[in-house]
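Below you will find one chain, with nothing else, as structure tokens; this is the form predicted alone, and questions on how it binds or moves follow later.
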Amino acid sequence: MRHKLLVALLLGACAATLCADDWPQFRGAQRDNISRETGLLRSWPEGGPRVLWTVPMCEGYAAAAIHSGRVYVNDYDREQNEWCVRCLALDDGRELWRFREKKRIRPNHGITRTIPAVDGKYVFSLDPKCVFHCLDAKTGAETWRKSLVHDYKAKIPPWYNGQCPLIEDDRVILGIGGDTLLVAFDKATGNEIWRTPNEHKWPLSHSSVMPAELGGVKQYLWCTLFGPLGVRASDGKLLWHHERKFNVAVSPSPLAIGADRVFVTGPYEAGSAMIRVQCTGDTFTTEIIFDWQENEWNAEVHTPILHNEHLFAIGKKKRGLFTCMNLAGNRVWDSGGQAAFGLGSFVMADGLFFVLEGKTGMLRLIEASTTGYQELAHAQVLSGHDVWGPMALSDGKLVLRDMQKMVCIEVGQPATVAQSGADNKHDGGS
């Protein structure tokens, strides 16, 4: 009885205060763009959330991964022509280490655009020219590397690499292109666990690999310019491919819906589709459930969030409305008349959406409702054009960026020990 009471008290304390969660890779620990943190603020003061630190960054969209109080981010030093991976302290933004490599990269809609993956021991980062680096998470020393171009005959996609690595258990998984579709590398050594042959020579684009279980089989989903596909997680066997052509690039990742559906969307005239993936014996087949053409709805950059049997995302049409859709393909609500977000990013936590306006840097706090758009607060936290980089949330701190800087703001309960200065800026950026 005493043990049960203690557990209840601990759970109650956790519900009343902040419960922290790491954000170790693209779209968070579970790759769903949802943080499990609780105790976040549901209103902001007049001046907006407290700014804990600001750090200069090279122009781009490369966003943060957060693990054990450390922020890991890809960057570029234009003066030295050096590609960098930087490790910052989450509390105050001070730089703990920096990995550097000479690499000339010209601006092309920004220079950096991807997120490292971190497990506390290793940092995995795919640079703009498709060299894959494994670094020591504590020191930044390089442990191993692979070149997708030289080792697998891949081609660097337009606007450089846009893919973020996926880490799971003992492995890190990448989509490749060239003579190989996907590879699972052993995290510690870089040795291949398996590789998937690329018989059709489907090229590398910007979509990132996603974990799923479809038809009772654990698999990895990926999308090329010729459509989504599934690869068996145990041995890399290609299980299925659904033909759907994308023009120039595809950035959003395939999103598994339940045990037998996959939602895909993409830029330009790609539209969106819900695909049923079925398994009979050892054979997988696909069929369209619904198909939204270019004049209906599509997301250009960011993968939707699945929450309470609804999809939430910023659509391309009408200046980027934040939209709620049910799984039957019907629009439930959007932010029309209240806010437009361009190509901004979004993240969910504690029943809330944090959504960025891509053309202004305005951050809006929105109720995670399936019945209507309800804004709770807004604040001007970033500025300039093309504020497209994803966000990361850990320990009540939201890390986000524009084309010049990375900012950390306090969206959880204030720390018990006050930080020194509400806007603690650090030089040493590139």
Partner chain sequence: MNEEPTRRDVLGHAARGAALLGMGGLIGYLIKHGSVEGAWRINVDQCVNSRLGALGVDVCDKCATTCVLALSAVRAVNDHAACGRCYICPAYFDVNSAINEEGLPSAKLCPRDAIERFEIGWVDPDDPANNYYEYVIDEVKCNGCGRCVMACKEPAGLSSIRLEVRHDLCLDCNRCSIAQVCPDDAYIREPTT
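Just so we're clear, the structure is a prediction, and the values are computed from it rather than from any experiment. Residue numbers count along the first chain shown, from 1.
Keep in mind that the form predicted together with its partner chain is missing from the display, and what follows is about it.
Using a 4.5 Å cut-off to its partner chain in the predicted bound form, not one of Trp292, Arg331 and Gly337 places a heavy atom inside that distance. Contact with its partner chain in the predicted bound form, defined as any heavy atom within 4.5 Å, is confined among 135-143, 184-192, 247-255, 170-178 to 247-255. Although the partner is absent here, Glu357 is not a contact residue: none of its heavy atoms lies within 4.5 angstroms of its partner chain in the predicted bound form.
Its partner chain in the predicted bound form is not approached by Arg94, whose heavy atoms all lie more than 4.5 angstroms from it. Trp159 belongs to the set of residues with a heavy atom inside 4.5 Å of its partner chain in the predicted bound form. Residue contact with its partner chain in the predicted bound form: Ala349 places no heavy atom within 4.5 Å of it. Exactly one listed residue, out of Lys218, Lys121, His109, Lys153, brings a non-hydrogen atom to within 4.5 Å of its partner chain in the predicted bound form: His109. The contact with its partner chain in the predicted bound form, taken as any heavy atom within 4.5 Å, belongs to Leu343 out of Leu343, Cys87, Ile275, Leu214. Residues Tyr268, Glu269 are the members of 268-287 with a non-hydrogen atom no more than 4.5 angstroms from its partner chain in the predicted bound form.
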